[in-house]
Structure formats: structure tokens, C-alpha cells
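In what follows, one protein chain appears twice in different forms, each by itself as C-alpha cells: structure 1 and structure 2.
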Structure 1
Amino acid sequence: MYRLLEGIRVLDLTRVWSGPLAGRILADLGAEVIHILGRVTVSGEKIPPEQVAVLGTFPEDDPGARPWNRMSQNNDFSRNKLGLTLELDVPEGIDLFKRLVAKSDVVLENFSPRVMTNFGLDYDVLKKINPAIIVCSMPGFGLTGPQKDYISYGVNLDFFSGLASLMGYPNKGAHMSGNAYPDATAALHAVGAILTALFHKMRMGKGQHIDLSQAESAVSVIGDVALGFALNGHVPRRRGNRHPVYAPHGCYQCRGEDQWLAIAVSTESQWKALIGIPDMPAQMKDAKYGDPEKRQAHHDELDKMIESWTIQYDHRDAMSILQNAGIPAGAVFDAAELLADEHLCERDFFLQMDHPEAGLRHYCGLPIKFSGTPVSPGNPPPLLGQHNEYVLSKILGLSPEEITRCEQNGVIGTEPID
């Protein structure tokens, strides 16, 4: 955790992935991010064991007495945040939220567009409370337009945006991503938008409203492909892992079970290096593979020969042989290999955090490294409502009696409301 954004307060109303990740990056950069959850939206239901086993999101597959505090994904996306519960469907909850808005710099929300309006928390309302407030709304399709109220998740946008159309086996349809990019892309764009607005606010004293359509955000990161179509009318074909020009490009089976190595030869010197690997099949030196065009024409043959080499090796060993010869090659890491990777570990990429209900776990760190600044390990993800008292007393100045009253009225709490 860095301290670059120290003194900036963010109210994070988001759920699931894109919004919470955006809030967490701001928290990792040193902003005080208050993650606000309505307890009505948190499930307290018992989860059947067969479902727990498929999900795999609880420590050692045990949801425990308070599963909402033990979910891997929620915990991953809330470190360095303060945890506040607030019911926004009752006037007392709305009132407390508005008082927080008066003392904050940013409100981040990823509801569908009608929700904030239903709460009576439109940008215009929030602006009256705090003229310099920055509100970032990040619904699926934006705040305007005929489809603004459409429900969508990351997987919907994977297909809507055309991203899925760019992944797939040859002659097959668009392919679902195992991990929908549009969420992550929206998170990073939201961080960029909020920081841009904060910089403007610092210099000009003005806040603003950010309308981030997650669909548009996803199309923007394939804008080069869209423009390519506008320019020459060709619809990109699905080619598996092959490249339209360079060859060979592919993913090759290695010695272990479900072990693969990606190889991407993009220059003639890389090709020469590949055929110069001592135990690579000698036929690859044939002149019929002498340039990218010829190699494209014989790609299937080449794949077989390359695979006859990779299959003899562990994929990490094969990677280092090829990389040491200057050939772009990457072992296809599964989650376990990623967490154990020597490069990431040596760069201290992973954080280890102890959480009172989830135990000592590894998490991915912030991939932006600022030199010459001490990095504190940061705070573990909060329990539900862990900072209710801190926020209400230290930030809003409520008396202990008033806080007790909030608890009694159910406006705040530490357990879900069924």
C-alpha cells in the first residue's frame, strides 16, 4: 500500500468485481476507501456442501459460521478499505450517506442506472450536498441510450463487445473467456477516470460526473481491430493461437498432464534460433520453411515437429531453453504455478495477509511500483461492518448513543438481514 492518495476519501458502493477492484486500486494507492454494503444485499443463507465444493471460494471449503466474511473474492477486492454497512432503503441510512458525501471526494457506484435515482441519490442531489464531489457511475451500458437498463454481467459484455469474437478455435464460434476481461477493463478505466477528475479538482476546485459504460470501455480496448475493419472491411478470423502474419505461433503440449507452452516466433532471427535448438527436429531447417509465408502454408506440419520437442520437457524447462535462445515462449501457468512463480515472487508481487476469519492467505499485489517510497503491507480485508463505529464516530462525529441507536434500528450491523 502506497500513500500517494493520502487524504482522499472515496465512498465505494460497488459489488461483485469491476467496481470493487477499482475501489481497491484506489485504496492500494493510499486513498481512504469506505466500502459501503447494505446488509440486505448480503446473503446469510447456508450454502449446501456440494455447492461449496464447486465454488471453492471458502477457506478449505468451509463456509464457517459467517460465510460472508470468508469469501475469497470479496476479501481479495476489499483489502485496505474500511468496511461500513448502511441500509440505503431507509431514511436514516440515506441521511448518514449524505453526511458522508459532504466529507468525501469521490462516490463510486456500479448499480444499474435507476438504482441511485430510486435511492434519491442522483448526481444532482449529491452535487448540492458537496459541489466538488466526483461521482463515478459504471453501469453495463452507460447512463443514457435505449439499452441503459439492460442487465449485464462481465460475460455478457465479453460477447457484446466483440472481445469473445476474437478468441476461438479455427472454424468455430466466438469463445467465452475463462475470466471476463470487460470487468477488469472497466475497473482500470474507472480508476483512470477518477484520478483524472481528482487532478482536475485539485487544480480547478470542481467535481464532475463520470459516466462509464462497461460495454464502451471493453470496445475501446479492441479499438484497433474495429478501426482495421473500418479501413479494409476484413472481419478478423478466429485462428486459435496463430498469428495472421508471423509463424509459428501456437500452444504446444509438454510432458506433464495438461501442461502447455506458448511459442510466438515473430522475426527471422527468432526462427533461426528455434531451428538452432540442438534437439529440435532437423527437418525444420528445410528451405520450405524459409520465410513466414512458407511457414504459414506448412503450419500444421511445423506444429507437429515443435510438439515432438516440447512433449519431452516440463513446460518451465522448455520455456527457459527457448527464452535463453531469445525465442518468445511462455509456460501456460495454472493458478498454483502462478502463485509459486520465481519471477513474481522475487519481485514481491504477492502479498500475504492475515485475516481474522479467513486466515493467512496470499493475494496478488498492485502491479504499479513506485520507487523510493516505502510500501506498507497494508490492512487485511474488513469484516462486515468492521469499521461502522470508526466511520460514524471519527468521520461523522456521532455520539456513542447515536451509534447505538443506529444499531438498534438496524441501519448498521455486522450480520446480514434476511
Structure 2
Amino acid sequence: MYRLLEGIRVLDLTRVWSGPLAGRILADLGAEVIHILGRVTVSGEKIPPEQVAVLGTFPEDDPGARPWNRMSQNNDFSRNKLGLTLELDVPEGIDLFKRLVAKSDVVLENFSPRVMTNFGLDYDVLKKINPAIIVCSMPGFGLTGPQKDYISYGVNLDFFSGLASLMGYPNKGAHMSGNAYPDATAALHAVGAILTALFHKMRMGKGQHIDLSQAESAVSVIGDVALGFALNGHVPRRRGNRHPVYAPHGCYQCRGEDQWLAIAVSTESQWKALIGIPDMPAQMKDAKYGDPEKRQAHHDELDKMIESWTIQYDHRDAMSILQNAGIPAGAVFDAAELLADEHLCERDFFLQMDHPEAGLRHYCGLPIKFSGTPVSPGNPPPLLGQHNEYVLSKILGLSPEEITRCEQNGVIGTEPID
């Protein structure tokens, strides 16, 4: 079956989340993505049981004999990719990488700016090898500027970007977003940039160097906050789950452990429907809650009364009661409920892949469906160095003796170098 990006080869040097996710999306869409790892960056140390339990990243909390092949995050972001180990701190590794660049369309990396230069693999070098190469660099703070060499992860970009300043409750401190959203945002921007550069290459025959700042990527999605300050000089207050105008608006505890329901009332008809629920507290019909301004002023009182109702119900049941009455409400789902959700399952959102060491597992699919070219589940995540021989022999044309020599010299391998 023809795949959307078939014929596009991507050399993926990325680690952690932002870059690997961008590479995985390209791989899901049919590009041949070769994920290249230096084995010195992969830990082979035995992981203490107490740390395993805290991490929660291994199937059944069992790292196994080769934990690097069982880590859930690595496997989640590596499906449909080819796995190649290559040490770029030795001349032979650099030479092999350059030979791959000559046969590829895209190089994707999320190092700090100095790394590719230290390897002798900066864009000026790579474009001499392949003038049409597209290099997407994803450093935390971009390739220029006074903070360009700072190391970043989603958790510190949460704060730098201003996202954390919006999270939390009034008169309390800022909060992290809980899911390192800057990583995912940068990944989506990277995919869009790479596809745009590929389109430009198709028309003009020229490559590009994409300078993608993960910090700026995160700032751009809260641009309305910066614009608001530029217009009126006000720094937005943290509101928790509340709305600046509408009330009641919040997240309310339901029956059971850690069950919650979001409710958002924005019109008078919705308010009347809410107070018309048969067992809703009668006090909510008091005139002091009779218009949006009054309800906003007495939001704390309303929250307590509403929660005295929601706490009696399962969050799904409460959602159904309110929605049937025309009130916007949504149960807060946890991971277990998402995996079992009838709607997501009927749309085949979750993929099942059988990994040789992690076993049969569910993975989130692409939230995109194409009518003419369906996206197939493809291949499970590779083991460390699983495709060394394939890449070196089929793509670069190395002989079995040359591949063996690479193994003996430590340029490639299937075990970490501690």
C-alpha cells in the first residue's frame, strides 16, 4: 500500500520527547525514518526496584534484562522507525553518517546548538554533501541569542514560556502544566516546518536549515496573553478552572476515588436548566444568583452547592444528566477510561503492536485520517540497533566484512556503552 510520505528518508538524531515525536509522526505518515542513537547515551545500569516503581515506564514495572528495549516512552516514539546505533564521536561513525546524509532528505536533531558543530556536522558541512538536504534543528532556545546554549526540557520551558504562570489558582503560586506541553508543541511545529520545506524542495530543488526554538514554539500558543498585556498592560491572573466572565465554571468532585466533572454555564438558559435539575440544592434559585455578575461574585458558594450534588453521582452519570438537560458538562477521564472509551475504540484510535521485549501493547495512533491513503499501523518500535545491518548494507552498500569491522571497532552495536 502506498504511504503518504513514501520515498522520503529522515535521519532522526533526537532524544527524549519533542524530536522523537516529530520523527514518529513523519514515520507514521510513511517516511523512512532512521532513528540514530549513540550507545553512550543509553544507560545499561541496573535500575533499583524503588526507582522502577516511581518511574512507571516499564511494562508491569519490570525493566527486564535489557531495560533500554522496554522503556515505554522510547517505544511509544519509535514505532515505524528503523533503529541504527552509530557513535558520532569517532571518525568512522561520522563518515557513515555523512554517507547517509548524501542519500537522505531530512536531518532532524534537538541538541543544543554546539553539539552538531562539535561533531563537525553543522548545516554548512551537510549542505556541501547534499545541497538539497533539509536540516531541522530544535534547540531549546534557538540557534542564536544570549541563551542559545542553555539546555532545555519541557519542564523548564513550561516556566520560561509563561505557560506555568497561567496554571494554578488565584492568589497561589504558578504550576507546571503536568505534561510538558512545550515538547509536544515543538514536535507539531517541527512536522509542519519539515513538510513545508519538503514542498519548497519539490518546487525549487533547494534545501533548508530550519531554526526551531522550542521556547518560542511554546510562547506562540499563548500569544493572546502577550497580546493582551501589550494592549492593556494587565498581567493575566491565574483563575484555576474558572472563566473571567461566566459562572458557574469549574471542575467538581464526583462519587468515587478521584472522579471529577467539568461544568461550564455560559447562558441564562443553561443556568435555568442547571437550577431546574430535580435534586440540585434549592438555594441556587435565590435571587442573589440571578444574573452573571452576581453568580461570579458568589462563585465560591455556588461551587460548594454544585459539588454537594455531583458528589452523589458517578462522573459519567452526572455528565449524562446535565448534558440531557442542555448543560455543557464533561466527565474527566483518566488513562484507563481513555483506553476503554467506546468512541475512541470505534474510531480505531489505539494501535496494538507486539514488541519482542515489551510484548503486545496499546499505543496512541494518529488523530488524522486520510480518505485516499489510510495510515497503517506499520511496524513495532525497534530494539536498540535492530536495523544496523539493514541500513549499512541495503542503503550504504557495506559488505558483511565491513559491517563486522564496524561492530568490532565499537562504531555500531546492540548493547549500551556504559
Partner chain sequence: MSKKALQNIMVLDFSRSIAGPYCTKLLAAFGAEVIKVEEPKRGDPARYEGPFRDDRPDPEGSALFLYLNTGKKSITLDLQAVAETNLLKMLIKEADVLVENFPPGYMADLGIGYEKLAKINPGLIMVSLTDFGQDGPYRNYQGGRLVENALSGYMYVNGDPGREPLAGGGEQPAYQGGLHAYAGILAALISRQLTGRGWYIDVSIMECMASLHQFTVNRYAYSGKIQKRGGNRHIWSHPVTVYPCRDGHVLVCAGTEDQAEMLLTLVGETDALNDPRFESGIQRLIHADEFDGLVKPWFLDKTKKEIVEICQEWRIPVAPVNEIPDLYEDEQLRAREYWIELDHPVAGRLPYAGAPFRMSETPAVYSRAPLLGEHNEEIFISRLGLTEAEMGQLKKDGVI
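Residues are numbered by position in structure 1's sequence, first residue being 1. Since we're looking at a predicted model, the values are computed, not measured. For clarity, a rigid core is taken as the largest C-alpha set superposing within 1.5 Å between two forms.
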item	value
Chain form predicted alone, by structure number	2
Rigid block check between structure 1 and structure 2 (L344, Q323)	no
Relative rotation of the two rigid parts between structure 1 and structure 2, taken as the smaller one's turn in degrees	11
Distance moved by the D286 C-alpha between structure 1 and structure 2 (core-aligned, Å)	4.2
Core-aligned CA shift between structure 1 and structure 2 for K272 (Å)	3.6
